[in-house]
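Taking the form predicted on its own, here's one chain by itself in C-alpha cells.
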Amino acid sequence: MNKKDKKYLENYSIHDFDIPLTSVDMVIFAMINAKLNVLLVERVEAPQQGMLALPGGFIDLQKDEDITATAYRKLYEKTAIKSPYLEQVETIGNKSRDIRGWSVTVLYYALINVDKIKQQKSQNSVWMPVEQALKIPLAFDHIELIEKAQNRLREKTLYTALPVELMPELFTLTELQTVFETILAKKLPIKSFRRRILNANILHATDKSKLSGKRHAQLFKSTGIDREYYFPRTLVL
C-alpha cells in the first residue's frame, strides 16, 4: 500500500456512503419420493416472521473469504454437508425485493443426496416439492429465485450429467433416467440416454443389483462429475 492510499484510508469509512443489504440465498435441491424438492426454512424473526423462505443470510466479514465461502457456510449450517455441487446462478438487486430497503442477493443452487442429511434437519426447516413451493406465499422474492435456479438446473441437465449429484450411493440406470426426466419434465429415449451416460465415464458398474419389476437391475455408483464434460448433443431436441 502506498502512502497516499494509507493516508486516504485513515479518513475513510464505508459507512459514509449508502450501501445496500447484501446477502446470499440458497436453493438446495434434493430428490424425495421421485420429486424434485427444495429446502425451505421458517423465518423466526421480522421481517416476514413466520413465512417460509430460502436458507441464506448476510456475509460474515470476519469468517467469509469471499461470496462463495458465504454460500458454503450457509449451506453447511442447514445441511451439515461441506462439499456438494454448488453453483452461482445470478446476482439480483433492487429497492423492492426487501422491505428494509435496497437489497442485493447472490443466488446459488446446490444439489445434494438427501439421505446424507436426514438426521441434520432443523425444527424450522422443511423439504417441499418445487411445484408446491412455487404455489404458496414465500418471503421476499424467493419464488422468483427458485424459478431462476430451477431454470438453470434444467439448462445444465440438457447437456451435462449434473443430476447424478442428486443420486444415492447406489442406483440403477432407470432410476437415474427418472431423475433426468423429472427435472426436464420430459420422457427420454432409453437407449440414447444410457449411451450418453455410459459414454460420459462418470459411473462405476458394481457387482450388486436390485429387483426392478420382474428382473434384477444392475446397480451403479458415481465416480464423480467431470464438470468439463458435455454431451455431444442436448438430451432433448
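All residue numbers refer to positions in the sequence shown, first residue = 1. None of the values given here were measured: they were computed from a predicted structure.
If you look for the form predicted in complex with the DNA, you will not find it shown, but the lines that follow are about it.
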* Tell me, please, which stretch of 41 to 49, 23 to 31, 57 to 65, 190 to 198 lies within 4.5 angstroms of the DNA in the predicted bound form when heavy atoms are compared? => 190 to 198
* Asked: Hey, with the DNA in the predicted bound form, do S212, P232 and V236 all fall inside the 4.5 Å heavy atom range?
  -> yes
* To do: Flag I225 as yes or no: does it have a non-hydrogen atom within 4.5 angstroms of any non-hydrogen atom of the DNA in the predicted bound form?
  => no
* Asked: With the cut-off set at 4.5 Å between non-hydrogen atoms, does T174 touch the DNA in the predicted bound form?
  -> yes
